[in-house]
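Okay, here we've got a single chain as structure tokens, the form predicted alone, with questions on binding and movement later.
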């Protein structure tokens, strides 16, 4: 997969809904119900971060849920890429980008949303052909004003800002011309997942899906 093809695929995923849930899953047995709740609320693109031992099994469970588009976040190594693809991930997300990681995603035909924090990093990814990127950590890097400023000289690049994004500030990002969607964890709070409050999560997803 070329970087250009990866960016086209990443853009399609980002445009499915204004918010991509960023999910840290501790218990894979909740994964399918969680995916169904989020999809029912209008958030089909789901990022499962590879931060827990349950993550890969969670991806497997979620990949079987109708209407869901499941990806793997926190990709750091080629093994992460291979494991995520084998588990059923259809896209990847990384906090940053290295040549080794980019090579692995391209070799495994896994569309990547590569992380960037500065104009120089965004330019380097653009040189390689990645026109859709993740702005991370968004709030720590200056928030929506910073992303707007980066967009002025780099209109070719579109972003999914993640990191500190929530219901209160999501519209600040979504109102920018260089933002396709945002990534956030607020739509699947741990207490609701543990309690099995799937109706509550669907309600949060509906609220997020209505953002613009």
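Numbering follows the first chain given and starts at 1. All values reported here derive from a predicted model rather than from experimental measurement.
Although it is not shown, the form predicted in complex with a small molecule is what the next lines describe.
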task: May I ask you to check whether residue 163 falls inside a 4.5 Å heavy atom distance of the small molecule in the model of the complex?
output: yes
message: Given that the small molecule is not shown alongside this chain, does residue 171 nevertheless sit within 4.5 Å of it in the model of the complex, heavy atom to heavy atom?
response: no
Residue 136: touches the small molecule in the model of the complex, heavy atom cutoff 4.5 angstroms: yes
query: Can residue 185 be called a contact residue for the small molecule in the model of the complex at 4.5 Å between heavy atoms?
result: yes
message: Considering non-hydrogen atoms and a 4.5 Å limit, which listed residue (11, 193, 22, 204) is close to the small molecule in the model of the complex?
response: 22
task: Among 163-171, 34-42, 58-66, 142-150, mark the stretch whose residues have heavy atoms within 4.5 Å of the small molecule in the model of the complex.
output: 163-171
